[in-house]
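What follows is one chain in structure tokens, specifically the form predicted alone.
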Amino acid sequence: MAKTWDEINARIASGEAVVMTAEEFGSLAADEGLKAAARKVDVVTTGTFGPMCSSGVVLNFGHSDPPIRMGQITLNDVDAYGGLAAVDTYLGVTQPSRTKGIEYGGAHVIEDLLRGRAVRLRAWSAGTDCYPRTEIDTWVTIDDLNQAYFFNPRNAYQNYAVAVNTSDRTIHTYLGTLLPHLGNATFCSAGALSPLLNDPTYRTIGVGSRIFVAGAPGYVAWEGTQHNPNQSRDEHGVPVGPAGTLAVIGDLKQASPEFFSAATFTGYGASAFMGIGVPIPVLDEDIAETLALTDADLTATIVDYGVARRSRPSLGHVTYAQLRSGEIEIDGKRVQTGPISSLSKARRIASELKTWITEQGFTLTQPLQLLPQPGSQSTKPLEIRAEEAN
């Protein structure tokens, strides 16, 4: 019953493709059986919406008269990178404001642009013969920019850790505030809707994959940073801890503030909630098997963030169904759980992507290059050395 990419795209183009969200497909497989579901459905859509700190935008301002080669750049008092030729910059979502600190950062600037607000651009330069201007102070909107696009080095983390805190003090992390003595547990995943949990060994997702990025069409540009395909895996081939990641690109000018939101985490700083959606072709029953997995089948690792080390202790494993119940048990203690990602937004993204395919002819792109596969590479730590390495 194997299908090809071309066959599925032909069905999309003709309006005959059967498309379901990952949750809908799981229900169908439970009701009618895996083989019947695999035959019936052509594409399964996935989605996730949560904080993705390793995100940012590339912007081009155009040339002033006289021109300037921007060496130092701020946008609403947030530093942007000044080492990209003359009038290009990269703005990361976690960069804090010079004046407001962590309460306002790069993510807030990006959201201001996305909502059509004017942003103050200031830049300085030493001046050269071809770029004589040494300072500029002006205001820009997204419509003034020649190019404005997301380029996110690490999004859609595959099965991130469940965070708890066994220490005797409250700690503030990128996974939210963690109360002492296992006072709570936080997690950040759409579970059965999460893109890389539905294609755990990266058979259909790779460089060139056409995806949903913050409400705009986009692409997988490369493996994401810290991509670790060698994580321990369960009987379904699904990693039980943080594993694969995606580097993605998408058009900021077509994006929607519904699927991008700036945030400030207490004691940590600025971040951005990003919406990522990936369509997965139902090529065969092997892919269908992982697409049919539910929150009760998917397991994450509980990690103690109260230990401020690179390698934190694991306190066991838990299913996403247990996490969604609002309470889990750790060492005999009942611990309240809470997500810092939005399941309702993830469902909205998967449904929106389904509409793109069924009503707008959004076809799938077979990867030009697969992501690094299990067994192909490992993630290296940074070692502190007192002397230059040989």
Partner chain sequence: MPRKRFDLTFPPNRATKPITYHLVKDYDLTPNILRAQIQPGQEGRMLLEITGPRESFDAGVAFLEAEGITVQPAATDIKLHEDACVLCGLCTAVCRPAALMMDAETGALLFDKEKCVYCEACVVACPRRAVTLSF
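Positions refer to the first chain, counted from 1. Only a predicted model underlies this, so the values are computations on that prediction, with no experimental measurement involved.
The following text describes the form predicted in complex with the partner chain, which does not appear among the structures shown.
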Legend entry - Among the candidates 306, 218, 176, 239, the residue which, in the predicted complex, approaches the partner chain to within 4.5 Å (heavy atoms): 176
Inset, instruction - Identify which of 351, 54, 365, 337 has a heavy atom within 4.5 Å of the partner chain in the predicted complex; exactly one of them does. - result: 337
Inset, instruction - Tell me, please, which stretch of 110-118, 277-285, 242-250, 228-236 lies within 4.5 angstroms of the partner chain in the predicted complex when heavy atoms are compared? - result: 110-118
Inset, instruction - Using a 4.5 Å heavy atom cut-off, state whether residue 301 contacts the partner chain in the predicted complex. - result: no
Inset, instruction - With heavy atoms only and a cut-off of 4.5 Å, decide whether residue 70 touches the partner chain in the predicted complex. - result: no
Legend entry - Residue contact check: residue 342 to the partner chain in the predicted complex, 4.5 Å heavy atom: yes
Inset, instruction - Using a 4.5 Å heavy atom cut-off, state whether residue 166 contacts the partner chain in the predicted complex. - result: no
Inset, instruction - Output the sequence-ordered list of residues from 264-288 with at least one heavy atom within 4.5 Å of the partner chain in the predicted complex. - result: 264, 265, 266, 273
